[in-house]
Each structure stands twice: as C-alpha cells, then as structure tokens.
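The chain below stands alone, shown as structure tokens; this is the form predicted on its own.
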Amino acid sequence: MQIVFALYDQFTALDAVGPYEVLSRLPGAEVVFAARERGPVRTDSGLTVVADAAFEEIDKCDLILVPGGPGTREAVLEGQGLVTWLRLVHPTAQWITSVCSGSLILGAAGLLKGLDATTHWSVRNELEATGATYVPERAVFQGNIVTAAGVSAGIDMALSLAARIAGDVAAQAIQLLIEYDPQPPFDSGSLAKASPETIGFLTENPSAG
C-alpha cells in the first residue's frame, strides 16, 4: 500500500506525524512524503519535514493524506500544485483523507461537494463554502473519503482507518505499540466542551493555538 502524505509550506506537524505513526505501521505500507518539489518543507512550528517526491512524480497511490495548518489557504490560493494533483490522482486512490483544515484543500479540489465532513472548528464555515456539510465529530467517513477534526483527531481517524484496512486486531496492536491511551488533564478539547473563558482566550491570543 503506497501512502502519500501531501505537504505544503506551513502545515501543522501533528496533522501529518500523528497519522504517520499509525498508518506507517500497516502491513505492507510504503510511505511517501510529497510536495510541490523535493526537499525540506517547513511546518508552522518550525519543524522541517523532507519531501521524498514532487507531486508530478506520483500518478497513482493507494491512500492520500492532506494535513491542515496555517498554510492551507495559501496552498489553495497559490496552488503549490496540490489541488491540481489531487484532482488528477484521487481516482486512483482507495482512500482520500484529511486532517484539520486540510479538508479545505479537499474541498477546493471538488471532492467534498454534497458530503458530510469535519475540520477544525475555527474553519467550519469555510468548509461549508466548498459544498460540504460540517459535522462536529472526530472523524467522518463518506465512502472512501475520510475527514478528521483538528490536529490530534488525526490519530483517531488513522486508527479507525487502519481497522477498516487491516482489521480491528491490527489497529488495536498499533494503538498498543504507540501506547495511545489519552488521559488529558482537562476536558476542554472540543468547542462543545470548552468554557466561554477558554474560547475567549484563544480568540484573543490566536498564537496560543
């Protein structure tokens, strides 16, 4: 199974690295990091990930994952080859997935029209502008298209997807291997659970998120 992580400048590291830790452990998985051109791609936190291939070098794959991040809008507006590549390659893929605001890129490629989808809560209106219906869930499966909510939700999505690809036992074994047993100190991980004070703080201090 060839899995392509589609990167662009200023994507969020965990959007890609979280699912990578799960999907790269699928039996027979071959992971490729791709971007407009080969070489380093800078995340929004300053971490650099090296793209093994340029989009134009890949004309088919089994699974595509598009992360989100502050660079999403530029990736759509400036092209960076990603939207065009998605339109060309997605028919060859068994699964097309996104994490966080990466769903906006799927939407820009015309892949979410008429579908339920999720994304980071802060861009839910932008998601609906692409023709999708926003659903406030961690992961949404619509045929072979899977969208995940913000950042950490990518791990949950990847485990659910791993179960569909390789079975529940394999997915559970991967979960145990990476010891994914979240026990957060606060119950403030979604818009529905967060207090008005928390939401207000993030609104006033967007760099905190």
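Everything numeric here is computed off the predicted structure, so don't read it as measured data. Position 1 is the first residue in the sequence shown; the rest follow in order.
Another form, the form predicted in complex with a further copy of the same chain, is not on view; read the next lines as being about it.
In summary, among the residues A149, L65, I145, A35, the only one with a non-hydrogen atom within 4.5 Å of a further copy of the same chain in the predicted complex is A149. With a 4.5 Å cutoff on heavy atoms, V140 does not count as touching a further copy of the same chain in the predicted complex; it lies far away.
Interface residue remark: E21 is counted as part of the site for a further copy of the same chain in the predicted complex, having a heavy atom within 4.5 Å.
Taking the partner from the other structure, a further copy of the same chain in the predicted complex has no heavy atom within 4.5 Å of any heavy atom of W95. For the chain shown alone, A53 is not a contact residue for a further copy of the same chain in the predicted complex, no non-hydrogen atom being within 4.5 angstroms. Residues D168, V169, A170, A171, Q172, A173, Q175, L176, L177, I178, E179, Y180, D181, P182, Q183, P184, P185, F186, D187, S188, G189, S190, L191, K193, A194, E197, T198, I199 of 168-200 are found to place at least one heavy atom within 4.5 Å of a further copy of the same chain in the predicted complex.
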